[in-house]
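Next comes just one chain, in structure tokens: the form predicted alone.
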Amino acid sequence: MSLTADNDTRVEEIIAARTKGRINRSILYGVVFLAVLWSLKTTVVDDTDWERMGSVWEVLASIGEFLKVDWALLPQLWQPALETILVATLGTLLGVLTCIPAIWFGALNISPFPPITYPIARLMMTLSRSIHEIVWALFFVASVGLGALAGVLAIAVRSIGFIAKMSAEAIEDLDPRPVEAIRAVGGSEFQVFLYAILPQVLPAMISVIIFEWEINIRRSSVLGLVGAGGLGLVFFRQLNTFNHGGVTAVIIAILVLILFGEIISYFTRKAMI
């Protein structure tokens, strides 16, 4: 009888715990649902100028304006497209060169003086990733003026955080045995880096750099909106002159450029890694 009573008690406790869990989950789901509704009301319903938007037919008519592609503009976009690719490429290369100290300082197992150099490097990585590339472009446009140079510098600074972080973490996760072996036979720190560290992390670093270059093509396509040249500048001009077909033509050119970057990235990664 005692064993049966204990089993009944345990069953009741399990049922009570499951019921309590379901109630808690239901309350949590309800709170999340109410928070989503409140967010939609605050950010969409209250902040939208519904009178200016017009009727559904007017909205569809506005969308239809962008479906009339200005095909005559496409032949004029090859030079801005080339400038966009050059901005992305030069910015990525400059970012790779600039982030070398950050990689060295930011990898805990090779940082020369971890209590000081490691936090400094991690702060550089965080600062680079936290600020949007358009904000960096605005800063450099104000510093060096309008043109592609501001875009290159913005792309370079924005690339430091991602490349340095991924490369430093790859160095931290490497196999320590080759490092210890070269140090054990009297190898210098440069030899340790050249023969033990670099061969292990080089494929990952190349993959990260190629991926960042691919992303930078997208970034450089819109930096012209703040005066940094490329297709973004043409997009801004077409938008300002209400040439909706021209806007769509620029979007098509950006799409083609991104597909080009995807193809180059795929074959480069396949050939080198």
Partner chain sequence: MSISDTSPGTPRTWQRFKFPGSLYRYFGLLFALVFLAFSVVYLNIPLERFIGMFGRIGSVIADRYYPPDLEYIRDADYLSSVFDTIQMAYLGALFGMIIALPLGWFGSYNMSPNRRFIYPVARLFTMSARAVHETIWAILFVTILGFGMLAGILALTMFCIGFAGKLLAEEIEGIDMGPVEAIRATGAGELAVMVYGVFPQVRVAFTGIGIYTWDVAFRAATVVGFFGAGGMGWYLKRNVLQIETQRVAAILLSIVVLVLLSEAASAWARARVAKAK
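Keep in mind that what you see is a predicted model, and the values were worked out from it rather than measured. Residue numbers count along the first chain shown, from 1.
As for the form predicted in complex with the partner chain, it is not shown, yet the points below apply to it.
Here the chain stands by itself, but in the predicted complex one stretch of 168-176, 107-115, 181-189, 77-85, 77-85, has heavy atoms within 4.5 Å of the partner chain.
Among heavy atoms of I258, some come within 4.5 Å of the partner chain in the predicted complex. In the predicted complex, I251 approaches the partner chain with a heavy atom inside 4.5 Å. Using a 4.5 angstroms limit between non-hydrogen atoms, I209 is distant from the partner chain in the predicted complex. The partner chain is not shown here, and in the predicted complex it never comes within 4.5 Å of any heavy atom of S26. With the partner omitted from this view, the residue of L73, I197, V96, L153 that lies near the partner chain in the predicted complex is L153 [heavy atom within 4.5 Å].
Taking the partner chain as it sits in the predicted complex, the stretch 139-170 comes within 4.5 angstroms of it through a non-hydrogen atom at F139, F140, A142, S143, V144, G145, A148, L149, V152, L153.
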